[in-house]
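As structure tokens, one chain now follows by itself in the form predicted alone.
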Amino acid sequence: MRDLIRMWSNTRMIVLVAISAAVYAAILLPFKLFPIVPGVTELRPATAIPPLASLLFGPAAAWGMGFGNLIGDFASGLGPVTPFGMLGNFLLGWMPYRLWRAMSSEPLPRFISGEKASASSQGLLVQVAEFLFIIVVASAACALVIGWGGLIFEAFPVKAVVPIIFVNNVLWGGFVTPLVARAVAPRVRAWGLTADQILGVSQRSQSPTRLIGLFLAPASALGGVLVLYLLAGSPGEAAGVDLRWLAGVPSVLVLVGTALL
């Protein structure tokens, strides 16, 4: 979690924030012309970028995706859900990096980096499964946070929009990201621009709380989407608690779990 702050003292990481945000926004903007739910979400091939940028640039990608989505929102109009969209996309660019570092001893999945297996590395199929798991979890976290904002402000039909956001992220991230990454990642690594090369971070987190984070972040993201879906059909209060705000509990737990990784 300290990397999110520490990176701002490194010029190369700041430049990577700007590049990540610019690339993300540049791909987002043209597809605003192809809305799925007008003013809320659209066809988003740009969501292939956050997992790739996350694995390569770590905290710089997280900030870049948040700012890039904010730039994209200017085109469709800012609203009360804009901060939730920024946070959701921040997580989409933050969680893959954190989860991969906690799960693997290698800097990047081999089917992306093209590097040969070491004696201690996981099998290729295991890495593919881990990568897809990470995409699903990060996509759920993004959909959860944005859906929470929509529920609070009654900005859109949550039951319709949340699945669209989730599926959009999973399909582009799961199928397109590896294709783009295979062309880009080896070059970025050769230039010494990955997060572990710049910040000197270890690949597998040694924190004793890592296992808690590995359970809490995915469980909160995936379970939170289900909770959000149920609460969206039950507006009002229960035992004096506004159910719209109760839906924020899983979002907070996602942040806590990711910080523990």
Partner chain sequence: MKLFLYLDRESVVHRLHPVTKLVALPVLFGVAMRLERLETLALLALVVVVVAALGRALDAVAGMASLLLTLLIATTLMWWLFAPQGGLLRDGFQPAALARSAGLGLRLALMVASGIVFLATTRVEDFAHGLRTLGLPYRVAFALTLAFRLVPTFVASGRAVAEAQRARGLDLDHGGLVTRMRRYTPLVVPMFLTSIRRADRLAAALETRGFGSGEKRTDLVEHRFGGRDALAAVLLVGLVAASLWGGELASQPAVQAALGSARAWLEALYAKAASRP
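Residue numbers count along the first chain shown, from 1. Since this is a predicted model, take the numbers as computed values, not measurements.
Unshown form predicted in complex with the partner chain; subsequent notes refer to it.
A.B. asks: Going by a heavy atom distance of 4.5 Å, is D73 a contact of the partner chain in the predicted complex?
C.D. replies: Yes, D73 lies within 4.5 Å of the partner chain in the predicted complex.
A.B. asks: Is L246 close enough to the partner chain in the predicted complex to count, meaning some heavy atom within 4.5 Å?
C.D. replies: Residue-level check for L246: no, no contact with the partner chain.
A.B. asks: Heavy atoms within 4.5 Å of the partner chain in the predicted complex: does L87 have any?
C.D. replies: Residue-level check for L87: no, no contact with the partner chain.
A.B. asks: My question is simply whether F175 lines the interface with the partner chain in the predicted complex - judged by any non-hydrogen atom within 4.5 Å.
C.D. replies: Answer yes; at least one heavy atom of F175 falls within 4.5 Å of the partner chain in the predicted complex.
A.B. asks: If the criterion is a non-hydrogen atom within 4.5 angstroms, does every one of V15, P45 and W191 touch the partner chain in the predicted complex?
C.D. replies: Looking in the predicted complex, the three residues V15, P45 and W191 all sit within 4.5 Å of the partner chain (heavy atoms).
A.B. asks: For a quick check, can you give me the residues of 51 to 81 that have a heavy atom within 4.5 Å of the partner chain in the predicted complex?
C.D. replies: Residues within 4.5 Å: L52, L56, F57, F67, L70, I71, D73, F74, A75, S76, G77, L78, G79, P80.
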